[in-house]
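Here's a solo chain for you in structure tokens, the form predicted alone.
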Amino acid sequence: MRADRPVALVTGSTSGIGEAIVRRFARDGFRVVVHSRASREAGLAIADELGGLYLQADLADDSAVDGVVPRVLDEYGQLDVLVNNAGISRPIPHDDLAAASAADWRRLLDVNLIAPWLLCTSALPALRDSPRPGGGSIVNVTSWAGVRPKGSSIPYAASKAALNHVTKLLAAALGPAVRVNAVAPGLVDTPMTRDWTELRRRWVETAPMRRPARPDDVADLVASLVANTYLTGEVIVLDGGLNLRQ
């Protein structure tokens, strides 16, 4: 049995960007699936408030990833939108190559690249079956660091650059039934970035918009990509225009 409304799964959605996205989807009339690795109480509270479902899964664990979409389908019978928002970072100076261990590379790639791939693969039959205008939709939340030679570490930037390219490859392979796009934010004002004083100064002093993004800025762009029934294969940088000056 299908849900009474379209269904959107947003990974990493108990705070920051992900929370803003699920709240935006709920306002837009979706049934939402909230996900986190560890913040169970927050996830349950948000899902209860929005009339949705909460799932807990460690995206570094392939078997846990494999169970996510089946649980959504068991609950709602459909999946119309997948937003791969969850990600991890590991600050490592770019010139300190020895500090970026093989374990760092593997964990960043597991969570930031391989888990989204596995979720896309698992969700594909349901997304192809979506009755929404324009079909199913995937949005990958990547990073400005995947477009520019920046970021908290080279492994992190490489994982996001790879996800940007996978976005384009999937869009070419899956259209017209499923559209695939990416949002690549720069600095976003979240609890995690509150103490990033130097980056904040750069955005305030240099970016044309004179501020970091807010989570709602990202959520609005994700919602517009889902709503547009023609756009696919795009990686949209959301950095307040900083790329124009650096």
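Here the structure is a predicted model, which means the values were calculated and not measured. Note that residue numbering follows the sequence shown and begins at 1.
The form predicted in complex with a small molecule is left out here; the points below concern that form.
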| Region of this chain that lies against the small molecule in the predicted complex, out of 70-78, 85-93, 126-134, 165-173 [heavy atom, 4.5 Å] | 85-93
| query | Non-hydrogen atoms within 4.5 angstroms of the small molecule in the predicted complex: do F25, A161 and G233 all have one? | reply | no
| message | Can you tell me if R106 lies within 4.5 angstroms of the small molecule in the predicted complex, counting non-hydrogen atoms only? | response | no
| query | Taking 4.5 angstroms as the cut-off for heavy atoms, does P191 touch the small molecule in the predicted complex? | reply | yes
| field | Touches the small molecule in the predicted complex: V178 (any heavy atom, 4.5 Å) | value | no
| query | Does A219 reach the small molecule in the predicted complex if we count a contact as any heavy atom within 4.5 Å? | reply | no
